[in-house]
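First, one chain by itself in structure tokens, the form predicted alone.
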Amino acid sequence: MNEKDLAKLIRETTLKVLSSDQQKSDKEIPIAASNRHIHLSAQAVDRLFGKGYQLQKLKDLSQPGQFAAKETVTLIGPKGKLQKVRVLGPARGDTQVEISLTDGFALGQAAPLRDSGDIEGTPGITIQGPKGQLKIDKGLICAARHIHMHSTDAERFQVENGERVQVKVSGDRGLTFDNVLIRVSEKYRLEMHIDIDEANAAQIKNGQLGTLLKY
């Protein structure tokens, strides 16, 4: 091979590598692991913290308008308790408690795998706050893995709200997550959410990138 042909081969190979890297980065999504937490209704806030109480912001979360509150509660199950469970704000229409499957063993109450917001037919739990106790008859779930996306992200990834995809994570314990729900809203910022059990299984740290794969 002469020098001209060699230079051409090197150039073509470089372009292919750069193109492949670009395609990969276009499909990458930041991942965040969610620890156990609770979303409270306004009525639940009153019951647990006192009438008219307002949640106090500890820090903003990645999704615009959402925050981790300074307040925590205790979850009381048939066999055990989980203390200092973080409250997320602002208050919602329904109270929803999100735990991992491992947390369910500690409480003695299994949490069904559900998409966030789908709480019909789910078990309840007792919640203890500084000013009172509340027993909800539904709302305890293990939140299914999902990806928050703005509409511009959905267009770029060529996916739709409600679609299920795969996300591949590299590393020493790399794996591919199946059945990842796409959630699209003008209020969302691109991020995949998994729970602590899932993060530990793949040794994922917050901010690590995964690659979206369509079925």
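All values reported here derive from a predicted model rather than from experimental measurement. Start at 1 with the first residue shown and count on from there.
Not on display, but discussed next: the form predicted in complex with a further copy of the same chain.
Just one of L61, L175, A42, L58 comes within 4.5 Å of a further copy of the same chain in the model of the complex, counting any heavy atom, and that one is L175. Just one of L134, V85, L88, C142 comes within 4.5 Å of a further copy of the same chain in the model of the complex, counting any heavy atom, and that one is C142. Shown alone here, T102 lies within 4.5 Å of a further copy of the same chain in the model of the complex, counting heavy atoms only.
Contact annotation: I76 falls outside 4.5 Å of a further copy of the same chain in the model of the complex, judged by heavy atom distances. In the model of the complex, none of the heavy atoms of K70 sits within 4.5 Å of a heavy atom of a further copy of the same chain. When a further copy of the same chain is considered in the model of the complex, N179 lines it closely, a heavy atom lying within 4.5 Å.
Stretch-level contact check against a further copy of the same chain in the model of the complex with heavy atoms at 4.5 Å: of 61 to 69, 165 to 173, 46 to 54, 182 to 190, the positive one is 165 to 173.
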